[in-house]
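The chain below stands alone and is given in structure tokens; this is the form predicted on its own.
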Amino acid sequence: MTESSALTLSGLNVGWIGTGVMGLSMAKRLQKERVNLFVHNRTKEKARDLLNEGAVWVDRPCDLIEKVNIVFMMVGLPEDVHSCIFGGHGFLQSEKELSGKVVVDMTTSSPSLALKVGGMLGQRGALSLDAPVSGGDIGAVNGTLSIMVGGDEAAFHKLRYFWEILGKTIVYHGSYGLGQHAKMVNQTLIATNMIGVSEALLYAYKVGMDPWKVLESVESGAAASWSLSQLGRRILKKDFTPGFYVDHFIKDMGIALEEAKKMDLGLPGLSLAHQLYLALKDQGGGQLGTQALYKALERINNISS
């Protein structure tokens, strides 16, 4: 954070919708920059930390957008995004002027919805960006997220100080929906990688090796990945708490597979990962972290490590 960006953001009216595992940490980072934060969430209690630090609660999205210059959304599902914008109490129900306001959807959602959002908000004079992120709960806390942005280019440049607070790698990909398409690439990579991480650690366990030593051997070589170093360690600690929920990952993979189908593109690796995660959900693992795929593969192999 530079001194100039801190001065620029101080006192700015900013809205935040969605205070889940990642959204709460991201909103806290903005709050530390002395913005005037206005918050809405499906469950008010989950925004309590922000409210205790001076954030203002707003009951409805249509009321929130009237109070702020910029509003960020980090909600769970495309349906939630749709509700915040098009629903009975959504942004577009506001009867006040929306020209010049910026709406940033950081939810992983569908590219087609991002196109619709951009078009409809644009008719009211508002600028919009689809800006999904990668980096999990750790990246949200530390401000090291990768942010993939599509939408209005002027709005992208206007928010340069916000990107600096929330992320480390920020790439503008082009028009509405392209940020979401970039995130589908990201999720496809993670899905198949998590199969490899889980299978490799099961292999090490089954052969009787010390999995921590194995991890030390392979994580800095050609097999290195964020998932291996970060989530592999959580697996070995039997820590399956969510940095990102299985339920939400299943949603993301479903979007990617749907987009691939439209392009007549076969993705067998992603399809396999989707099926394995659905099996994990059926076993009651929907609210676990994505590293819990290891548990599903344990069950398939009748292993209790």
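Fair warning: this is a prediction, and the values are worked out from it, not measured in the lab. In this text, residue numbers run from 1 along the sequence as written.
Unshown form predicted in complex with another copy of the chain; subsequent notes refer to it.
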Interface residue in the predicted complex among H181, R234, H89, K116, criterion: non-hydrogen atom within 4.5 angstroms of another copy of the chain
H181
Another copy of the chain isn't shown here, but in the predicted complex which of L98, M120, A204, A155 has a heavy atom within 4.5 Å of it?
A204
Of 121-129, 72-80, 100-108, 164-172, which is the one stretch near another copy of the chain in the predicted complex, taking non-hydrogen atoms within 4.5 angstroms as near?
164-172
Verify the flagged residues S146, I190 and V218 against another copy of the chain in the predicted complex: is each one within 4.5 Å by a non-hydrogen atom?
yes
Taking 4.5 angstroms as the cut-off for heavy atoms, does E45 touch another copy of the chain in the predicted complex?
no
Touches another copy of the chain in the predicted complex: A260 (any heavy atom, 4.5 Å)
yes
4.5 Å heavy atom contact, I195 to another copy of the chain in the predicted complex:
yes
How about V39: is it within 4.5 Å of another copy of the chain in the predicted complex, going by heavy atoms?
no
Quick one: name the residues from 205-227 with any non-hydrogen atom within 4.5 angstroms of another copy of the chain in the predicted complex.
K206, V207, M209, K213, V214, E216, S217, V218, S220, G221, A222, A223, A224, S225, W226, S227
